[in-house]
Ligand code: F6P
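Take a look at this single chain, the form predicted alone, given in structure tokens.
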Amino acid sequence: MLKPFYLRQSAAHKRLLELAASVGALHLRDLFAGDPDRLHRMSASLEGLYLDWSKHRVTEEVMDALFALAEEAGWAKGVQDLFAGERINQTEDRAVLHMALRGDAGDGFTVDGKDVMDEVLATRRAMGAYADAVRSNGRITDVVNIGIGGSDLGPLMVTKALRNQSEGGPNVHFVSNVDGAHLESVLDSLNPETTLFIVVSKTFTTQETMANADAAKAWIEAASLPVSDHFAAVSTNVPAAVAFGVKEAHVFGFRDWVGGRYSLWGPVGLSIACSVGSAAFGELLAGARDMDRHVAEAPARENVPLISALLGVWYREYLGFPTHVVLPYAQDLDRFPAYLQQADMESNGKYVGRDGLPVEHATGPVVWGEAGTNGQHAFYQLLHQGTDIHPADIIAVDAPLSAYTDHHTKLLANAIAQAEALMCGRNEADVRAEMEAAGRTAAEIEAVAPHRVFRGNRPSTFILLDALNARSVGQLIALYEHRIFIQGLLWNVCSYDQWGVELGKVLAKNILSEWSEVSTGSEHDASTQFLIERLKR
């Protein structure tokens, strides 16, 4: 079990408070002007990935203090315990070892002293063989993944990101919402004879997933087709899946040391493998494994996930910035912000510490975002001139993402320009000079100039991938996974449970059970009871 860490009682915390009062007021333009070597010291290149954090409101003194904070929190020991299979998911008494799903035979991942890699690799081979068989079976033109949360967001995001590697595979669709319109909108364009469903539910009891699975089963049966030929399952509840109609050989399971939002690397990623094939899926795992080795082996000052995590803590705790915005300048990554919302907010959106007591500080930020350049015509106004500051991750890809290479040049130019605009802004003197040169009158300048001023000094990380391929996507996702874990260490929260998700599920189940009953009106508050009774009518 990870030891509690009390951030506000640490020696580094006091120093960071002092720096927040001084350095926090400096402008990034001045930091660059006073330090010609800043970019070199605040950037890193890994194979296939370049990360530039020079446009952040930090100095070497701030980074020193942040690294000291990480040392006090025992970040390296925390990473070591994570990879050693210690039961760091303390509220559920489980190890956290999704890294094993992307491991190699000699990596030595163990749980309770038992090497887990033989089982992981056997499942990987079986899953890959099944996916390749689906791809080579001309009878299957469409695959529908039925899941929710981690059983949907990760596979959906990766399948979209690897669109260019899916040639020869089936069309892959995703259904998650219990709103029947979601399933209906997918099935409307499909032929039951050529459709395969993958039901993803660890327990095979998830309400939303099983409602959609039952409806899909009825759709297949209505076409007089055998259920067993049109369903596979990802579940640990093999008997329930077999009773549903899935062949036992087509049920792929995983252990309880794999959390849902970290599960795309194993059987939950079956839809990904059906889309791109087992070889490309292996490259996805290899990219994530590269980042695993980096976070476990790189020294602190070269450790990209650690640096990313520390910058986030600096803004959340010391400068009071409430959100973290993720801006992929790649349409194929347009679901990446939504994926990170779950990965981050379900992990670190906690107010109870590892000691069971309320924490004294802010924890996980609100994570949000949208693909560029769409976001520029939606919410960037707030990023540039809003009253709150929202640190941004701008993600771009060097290699063109389509045959329209001229489009790609424009896309990259926009990504770079937004990072520059967020940092530099535009002062009033420049605005006035520009308006004067354009022939605007003195009265017009006086009235309009203040509205055209950008203060700048808004921080961003620029992440550049050489190409958008399976390996780079794996690397990118794992970077954020480790960022989230390290931030959880510093914030003293249990990052791998999600008890806040459970209450709504329980109450929804209770309300559903009451739907056909005559209520006395005493079970709920007046508002809830009224809504139930109105909708029942």
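Because the structure is a prediction, the values reported are computed rather than measured. For every residue, the number given is its place in the sequence shown, counted from 1.
The discussion below concerns the form predicted in complex with this ligand, not included here.
Heavy atoms within 4.5 Å of this ligand in the predicted bound form are found in one stretch of 260 to 268, 419 to 427, 118 to 126, 373 to 381, which is 260 to 268.
Note on contacts: among N457, T206, T461, S166, the single residue with a heavy atom within 4.5 Å of this ligand in the predicted bound form is T206.
Listed residues N303, S201, N212, N145 were compared with this ligand in the predicted bound form; S201 is the one with a heavy atom within 4.5 Å. By the criterion of a heavy atom within 4.5 Å, R41 is excluded from the residues contacting this ligand in the predicted bound form. At the 4.5 Å threshold, heavy atoms of R29 stay clear of this ligand in the predicted bound form, well away from it. Though the partner is left out of this view, T363 does not reach within 4.5 Å of this ligand in the predicted bound form, counting heavy atoms only. Among residues of the shown chain, G150 is one whose heavy atoms approach this ligand to within 4.5 Å in the predicted bound form. If you check this ligand in the predicted bound form, you find a heavy atom from every one of Q498, V501 and K505 within 4.5 Å. Contacts to this ligand in the predicted bound form (heavy atom within 4.5 Å) from stretch 337 to 359: Q342, E346.
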